[in-house]
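Presented below, as structure tokens, is a lone chain in the form predicted on its own.
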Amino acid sequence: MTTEMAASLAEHLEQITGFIYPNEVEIHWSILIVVYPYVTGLVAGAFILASLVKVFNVRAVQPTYRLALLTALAFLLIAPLPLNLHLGRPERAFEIFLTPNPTSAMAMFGFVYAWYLMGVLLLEIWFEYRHDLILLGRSTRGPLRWLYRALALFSNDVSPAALAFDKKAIRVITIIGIPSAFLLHGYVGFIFGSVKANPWWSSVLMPIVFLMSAIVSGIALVLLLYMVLTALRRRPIDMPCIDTISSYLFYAVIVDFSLEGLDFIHRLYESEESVGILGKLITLKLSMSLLVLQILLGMLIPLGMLVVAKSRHFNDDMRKLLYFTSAILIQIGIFATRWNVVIGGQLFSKSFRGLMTYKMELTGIEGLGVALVLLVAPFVILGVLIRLLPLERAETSSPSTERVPAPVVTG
């Protein structure tokens, strides 16, 4: 054994408590696999919020409809990168399409992702923006003119019949997109829940818990982005809009918290042989991330803030502050939830007699730096999308008029 290998082994042994088999020293799923379900959850949650307008006719949240769609697209474009970077040979990822394996839930992600991106999200965005792209193609000069015309697929039809067809198409696509969004993120929980050998993951409630937490995180993110972007654009915040969104967020958090509590109570009631090591895992290794970040800061305090804000004893500015703060805390709590599931499930031994410590790298492909880049990249993409595509629908007095006022490109 070389000196470097001995030093590495000694470093790993310092992070072990109790009995660990030699092949359990390494933690294989790193921070990148924590980022992956967090990002995909934001996609599903943002799309569900957008569906409230077109399917359930909740007009109060109309100001956030386009923002929710663009947010879902920005994060969906980044969603597969954590998995690809985690692979030893990421350039071979496309082979899952060439040699499909329907028995592998992880391999089927490529097909679910492709369907949701091209068959649902891009189609809905195109039908929603087709009218605006045509107007922007007429009023804009230079390279952007050709870009908008290309994005509109060189369509020029803004007749009432065409616009009516766009609305019908959007509704149909959204109805199809709701179960697709559930499938996109629910299958992540399915992967973890199907690992029977790991008592921290093996639960029939895992897909449902993942899905509800995704809805919570997506709604909270859109609420946060709407408030920030409205302030940057110096526009007044639509209070009925954020009041309605916060109501849905409040109920979603309650359901998510109830499901997680039910899962925990069920584990205690079963009292299998793993309950002892899981208790030590929670109290020794996950006390900060689970008890403080996930439950206290990520659920209980935001719930209290939303209850106080709904009491109507505060003015609009105070309610905005409470909504804004609760949305940030919820994001912290949901990310901690992903951390506790992915990392926490790898910290105890198969013998249920030992615990390990995950030491995150700062640099390298599996390090904190790459994870931060992956978390920031969707916001950069969202900024570009908002620059190109208006958040408000452009209006024209005559559908056949060629020269129309240029709509304001927000951002």
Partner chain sequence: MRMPEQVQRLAIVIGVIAAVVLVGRFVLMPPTLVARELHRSSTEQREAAKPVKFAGSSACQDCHDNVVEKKAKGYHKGLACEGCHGPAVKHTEDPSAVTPAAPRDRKFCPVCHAYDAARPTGFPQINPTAHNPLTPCIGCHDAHDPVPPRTPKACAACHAQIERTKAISTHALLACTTCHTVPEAHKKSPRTVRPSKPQTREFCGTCHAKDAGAKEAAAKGTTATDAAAKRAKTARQAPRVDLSTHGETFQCWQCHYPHLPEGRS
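Worth saying up front: this structure is predicted, and the values here are computed from it rather than measured. Residue numbers count along the first chain shown, from 1.
Same protein, other form: the form predicted in complex with its partner chain, not shown, and the subject of what follows.
- Although the partner is absent from the chain shown here, Thr99, Pro102 and Asp166 each have a heavy atom within 4.5 Å of its partner chain in the predicted complex.
- With a 4.5 Å cutoff on heavy atoms, Ile265 does not count as touching its partner chain in the predicted complex; it lies far away.
- Within this chain, Ile301 is remote from the site of its partner chain in the predicted complex, having no heavy atom within 4.5 Å.
- At least one heavy atom of Ala162 is located within 4.5 Å of its partner chain in the predicted complex.
- In the predicted complex, its partner chain stays beyond 4.5 Å of every heavy atom belonging to Asp316.
- Between its partner chain and the residues Thr140, Ser287, Thr325, Ser155, the one pair within 4.5 Å by heavy atoms in the predicted complex involves Ser155.
- For the candidate set Phe250, Phe335, Trp126, Tyr148, a heavy atom within 4.5 Å of its partner chain in the predicted complex is found for exactly one residue, namely Trp126.
- From the list 67 to 75, 325 to 333, 237 to 245, 91 to 99, the contact stretch for its partner chain in the predicted complex under a 4.5 Å heavy atom rule is 91 to 99.
- Along 56 to 92, no residue reaches a heavy atom to within 4.5 Å of its partner chain in the predicted complex.
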